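Here's a solo chain for you in structure tokens, the form predicted on its own.
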């Protein structure tokens, strides 16, 4: 955990909830209970249609297109997101990769986000739990291919999210101890790619069945700079517990 930065807790609502009324209800509870917490950045990434409702929040997008403008029906550009006040964008989430997003597309999206001055949350993670691989080959490949041809200076806006695919939505999270080992290996490769000065300041966060019962351990024992929270971020009281618990961890 980097002692010089705020911890980052990201609420990834995915394609939920069903109505604006429910989105506002969830947000209102969370915002009321967490707005006074100063040592954590709480970022909301709701579906695009709900972004206008959450103007009091720090907002992120769940996806982006890699072109600046043009005849791309249904897509949204990084420049449009930035103009609207969005500060963060999730790139390369495993659920999008599963829908056909290639490494080339992930790289293009990441480059576009970073060069637009937005913060990119790059998701990497292995499909299966395998303790025989200290640093799974697929994770290293995802990391290196995504950062290909991106200027080192742009990497100051990078956040890396370790999301073991086998843990997402299963209720079976990685152990904080193993997550800590993975963090060290990710950081080591970031040193090689970006240099120590920049890499040491890149936050590494954890996602995958995060809940109030394990959140503090991932910050305290797992050395994480924050959390990417899926299902639990839709349960307002549960997410508040995650944020408050994480805020109490001493750097």
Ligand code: 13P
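If you're wondering where the values come from, they're calculated on a predicted model, not measured in any experiment. Numbering follows the first chain given and starts at 1.
Only in words, not in the display: the form predicted together with the named molecule, which the text now covers.
With respect to the named molecule in the model of the complex, the three residues 169, 208 and 228 uniformly fall within 4.5 angstroms at the level of their nearest heavy atom. The closest heavy atom approach of residue 25 to the named molecule in the model of the complex falls outside 4.5 Å. Looking at residue 142, you'd find every heavy atom of it more than 4.5 angstroms from the named molecule in the model of the complex. Using a 4.5 Å cutoff between non-hydrogen atoms, residue 126 does not count as a contact of the named molecule in the model of the complex. Interface membership of residue 174, defined by any non-hydrogen atom within 4.5 Å of the named molecule in the model of the complex, is ruled out.
Screening 70 to 78, 103 to 111, 148 to 156, 88 to 96 for residues having heavy atoms within 4.5 Å of the named molecule in the model of the complex returns a single hit, 88 to 96. Taking the named molecule as positioned in the model of the complex, none of the residues of 17 to 55 brings a heavy atom within 4.5 Å of it.
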